[in-house]
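Taking the form predicted on its own, here's one chain by itself in C-alpha cells.
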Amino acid sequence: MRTVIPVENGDALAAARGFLRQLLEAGVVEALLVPMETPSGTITPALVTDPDLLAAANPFAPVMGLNAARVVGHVSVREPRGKIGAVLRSCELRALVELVKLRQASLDDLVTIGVDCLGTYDVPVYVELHGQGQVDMAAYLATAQSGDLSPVEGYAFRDACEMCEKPQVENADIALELFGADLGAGIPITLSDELAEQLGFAPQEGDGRRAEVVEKVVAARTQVRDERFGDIRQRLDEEGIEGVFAACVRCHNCMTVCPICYCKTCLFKSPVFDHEPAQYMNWARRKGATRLPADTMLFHLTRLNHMVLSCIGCGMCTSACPTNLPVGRVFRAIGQQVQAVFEYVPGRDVEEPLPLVTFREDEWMEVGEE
C-alpha cells in the first residue's frame, strides 16, 4: 500500500520520529535499530526500546560512519531475539541482502525500514558542519523534491554517494520514499496492507513525481560513476594495482568497515604474515629493496577475490582509509566487470544465488569450446 505520513509545521524529521515511535508503541517491533544523534553532534546506530528516546533519532542524517548492515547481522543472526526494525539506506539494504545469502544476517522477525538516500558526508565533515551550525535538515530534505541534490557549499558528499546509481530504496518492508516528494507536506511510504491496517493508515497516493526524479538523480550519478571508473581504469592500466595502492599501510581499516568482509578467522589477522626479521633481510638482499609493510598487494587482491561480486558500492573502505586511497573506486570498477560476467547484481534479490557457490553444469561452455 502507498500512503503518506502527515507532516506538521513543515518538520519532516519530527514526523519520521513520530512514525518510528508508532512502530514501537503499536507493537510492530520490539526494538528499532536507528541512527541516533549524540550530544557531540555525531550520529551512531543504536538499538532503541524506549519510545521517548526516539526524540534523538535521525533517519535522514546526511552522514555515514559505518554501513549499518554490519550491526543488523549482530542483532539478527542468532536466537533468541525479539522482533526488530532496522532503518537502513539503500546501500545498507543491499549489503544486508548479501549478508543474508552469506548466512551472516537473518530476515526472520526483522522489519526493514528503507530510506531514500540524498547523499551523505564523511564523519569529520559532518561534525565540522554541525559545529558550524550548517546542518540544515529542512534545506537538505527539500532537495528531494527536485532531485537537485547538492552538499553545503565548499564541502562534498562522500565519493561513493556522488557516483551511486542506486540511491532509491527497494525491497524494504517499509519504504520512506523521499525522491519527488514535498516533504514539508508529507512523507510518502509504501508498506504491506497488514502493516498499514495495524498502524491505522489508509491508501493515499503522492504527486507521482518519484519515478521522474529518481531517473534524473540516477542519470546524473551514473555519469559521474562512468567518468570516475574511466579515470581509475586508466590509472590501473598505467600504474598497475600495486601503483594505485602504493601508499597502503596495511591498517586493515577497509576490511574492518566493509559490510561484506565477514570471516570470523581472517588470514590477515593471523600470525601468517608476522615474518621473521631474517625473512625481510633475505628479501632485501635478493631484490635490493623490499617494501614495508609487506604483503599489501596480497591483502587487496585477496579481498577483491573474496568479495568483489558482492560489493554494493557503499564506499566505507574509501572513507576509512588513512592515506586516502581510492579503494572503493577500484573495487567498484573491477566489481562492475566481474558482476557483468555472471550477470549478477549484488543486493538485487535475496533469492538470487551467489554465483561462486552455485554449480551450473553448462557454465563456461562457450569459453571451453573456443
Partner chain sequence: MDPQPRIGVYICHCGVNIAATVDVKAVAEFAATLPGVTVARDYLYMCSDPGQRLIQEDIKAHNLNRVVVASCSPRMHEPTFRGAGEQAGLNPYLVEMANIREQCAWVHSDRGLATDKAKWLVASVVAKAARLEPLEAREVGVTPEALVIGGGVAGMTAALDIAEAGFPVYLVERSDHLGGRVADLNRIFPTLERVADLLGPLTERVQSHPNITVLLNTEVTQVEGYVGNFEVTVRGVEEPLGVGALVIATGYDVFNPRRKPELGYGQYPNVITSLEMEHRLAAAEESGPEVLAVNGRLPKKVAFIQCVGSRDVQLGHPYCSRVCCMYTAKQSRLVRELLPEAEVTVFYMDVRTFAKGAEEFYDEARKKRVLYRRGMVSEIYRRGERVILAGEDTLLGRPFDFEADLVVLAVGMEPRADAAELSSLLKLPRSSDGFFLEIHPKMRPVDTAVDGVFLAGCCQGPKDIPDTIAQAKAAASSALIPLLRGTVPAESATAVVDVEMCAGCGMCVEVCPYGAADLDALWNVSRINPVLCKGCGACAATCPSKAIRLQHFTPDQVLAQVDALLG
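Residue numbers count along the first chain shown, from 1. Here, rigid core means the biggest group of C-alpha atoms that superpose within 1.5 Å across both forms. In this text, all values refer to a predicted model and were calculated from it rather than measured experimentally.
Only in words, not in the display: the form predicted together with its partner chain, which the text now covers.
A.B. asks: Hey, in the predicted complex, is residue 155 touching its partner chain, heavy atoms inside 4.5 Å?
C.D. replies: Flag for residue 155 set to no.
A.B. asks: Since only the chain is shown here, I'm wondering whether residue 104 would be in contact with its partner chain in the predicted complex (any heavy atom pair within 4.5 Å).
C.D. replies: Yes - in the predicted complex, heavy atoms of residue 104 and its partner chain come within 4.5 Å of each other.
A.B. asks: Heavy atoms within 4.5 Å of its partner chain in the predicted complex: does residue 140 have any?
C.D. replies: Judged by the heavy-atom cut-off of 4.5 Å, residue 140 is well away from its partner chain in the predicted complex.
A.B. asks: Would you check, heavy atoms only and a 4.5 Å threshold, whether residue 350 touches its partner chain in the predicted complex?
C.D. replies: No, residue 350 sits far enough from its partner chain in the predicted complex that none of its heavy atoms falls within 4.5 Å.
A.B. asks: Could you spot which one of 146, 192, 282, 204 gets a heavy atom to within 4.5 Å of its partner chain in the predicted complex?
C.D. replies: Residue within 4.5 Å of the partner: 282.
A.B. asks: Could you work out which of 219, 185, 251, 267 is the residue within 4.5 angstroms of its partner chain in the predicted complex, going by heavy atoms?
C.D. replies: For this set of options, the contacting one is 267.
A.B. asks: Tell me which of 129 to 137, 115 to 123, 163 to 171, 268 to 276 has residues with heavy atoms within 4.5 angstroms of its partner chain in the predicted complex?
C.D. replies: Result of the contact check: 268 to 276.
A.B. asks: Though the partner is not shown here, which residues of 1 to 38 have a heavy atom within 4.5 Å of its partner chain in the predicted complex?
C.D. replies: Stretch hits: zero.
A.B. asks: Using the rigid core as the reference frame, would you say residue 271 shifts its C-alpha by 2 Å or more between this form and the one not shown?
C.D. replies: Moves: yes, 2 Å or greater.
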